[in-house]
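Here we start with a single chain on its own, the form predicted on its own, put down as structure tokens.
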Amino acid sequence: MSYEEIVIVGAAESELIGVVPDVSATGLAIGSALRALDDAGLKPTDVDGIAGTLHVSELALQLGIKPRYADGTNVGGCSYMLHVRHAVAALRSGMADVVVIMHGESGKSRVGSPPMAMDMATASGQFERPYGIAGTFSMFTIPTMAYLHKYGLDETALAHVSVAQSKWAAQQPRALRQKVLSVDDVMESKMISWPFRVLECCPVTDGGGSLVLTTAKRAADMDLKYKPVVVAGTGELVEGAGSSFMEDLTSFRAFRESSAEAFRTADMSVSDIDHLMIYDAYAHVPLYGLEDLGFVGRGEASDFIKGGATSPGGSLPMNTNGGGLMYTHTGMYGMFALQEAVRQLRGTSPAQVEGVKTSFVQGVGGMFAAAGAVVLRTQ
């Protein structure tokens, strides 16, 4: 390659995820960072770059470092994919030698988390909130209904996503929802906001996770527990303020363009991908992801999942931790998708897929507002 390879040398989630009522969001982030640094055989004093969606000055203080590179980008749940992309640029340019990307969120217990409120001066506040659009589930209904209508699909198209991912979650000891579901289980669960039933909506949880990135040259001199995971390609795009402002309600431009950039920079295509993680706050998002990334044709994602392609033993293992729907969803899930991709490439996932050498991680921010894509591979 003509440029320095950047690698992930440390990865860890917080000690506890799910319901953690006695640890703040910052505590979850710092705890996961210390675990990730230990995983890499490093100390906080080795770190000179930091990224996160919490206040980076506070994270630096709590970690006991004075970083010369800091990234506080926050575009929602895919922010951590953007942090990876930005860290790659920082490490290649010499702006930092070791970057820690940190996530901590007390989504369920609300310990140390800011109050949730909509700014009425924003586009969503002005043009959605007056019509009763407030919760995340109600913001996602419009594109979902448009998608189902366009392709002549009924509500079970969403249920099959939850069913497929429950088969992976059943193999994950840390998953919040571990029961293998049937379509009837999903369809009989409580209606939240049509067409979403509760088992098609992410749970709200507490948790954290961190990644440690450095150059391949530096990693070669480190005593690592696992072989480094290479960041092969990345992409990002912000389309707009959310689903009401999409140019096409049935396709997400930010998915299309961020994934195309990630494939281009990795010099890969869909045929090169062994494992896929698509952010899934709600059951429709993997349908958009499979189609917008080019793994299946338009309107084909539901049948692809229904046929078992993304389930254990299928041709394209997807969301092997159970995804945000089954594993955990603190509010900004992207870090957990990255963590599972790293585990698969290391060969350490409780739901390990044999022979994984490449993984594509696609994140969404807000309700179809922004997207980040990361291609990872073994070294």
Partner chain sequence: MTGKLLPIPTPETRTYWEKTALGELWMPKCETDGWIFPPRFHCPTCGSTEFCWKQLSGRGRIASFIITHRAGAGYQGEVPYFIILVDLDEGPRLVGNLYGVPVEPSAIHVGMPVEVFFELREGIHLPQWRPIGSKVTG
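Numbering follows the first chain given and starts at 1. Computed from a predicted model, the values in this text were never measured in an experiment.
If you look for the form predicted together with the partner chain, you will not find it shown, but the lines that follow are about it.
Would you point out which of 260 to 268, 190 to 198, 104 to 112, 210 to 218 contains residues with a non-hydrogen atom within 4.5 Å of the partner chain in the predicted complex?
Residues of 190 to 198 come within 4.5 Å of the partner.
Any chance 123, 145 and 246 all have a heavy atom within 4.5 Å of the partner chain in the predicted complex?
The answer is yes: all three residues contact the partner (heavy atom, 4.5 Å cut-off).
Using heavy atoms only and a 4.5 Å cut-off, determine which of 297, 152, 173, 130 is in contact with the partner chain in the predicted complex.
Result of the distance check: 130.
Heavy atom within 4.5 Å of the partner chain in the predicted complex: which of 118, 183, 180, 89 fits that? Just give me the one.
The residue in contact is 118.
Would residue 134 show up as a contact with the partner chain in the predicted complex if we use heavy atoms at 4.5 Å?
Output for residue 134 is yes: heavy atoms within 4.5 Å of the partner chain.
According to a 4.5 angstroms non-hydrogen atom cut-off, is residue 138 in contact with the partner chain in the predicted complex?
Yes, residue 138 lies within 4.5 Å of the partner chain in the predicted complex.
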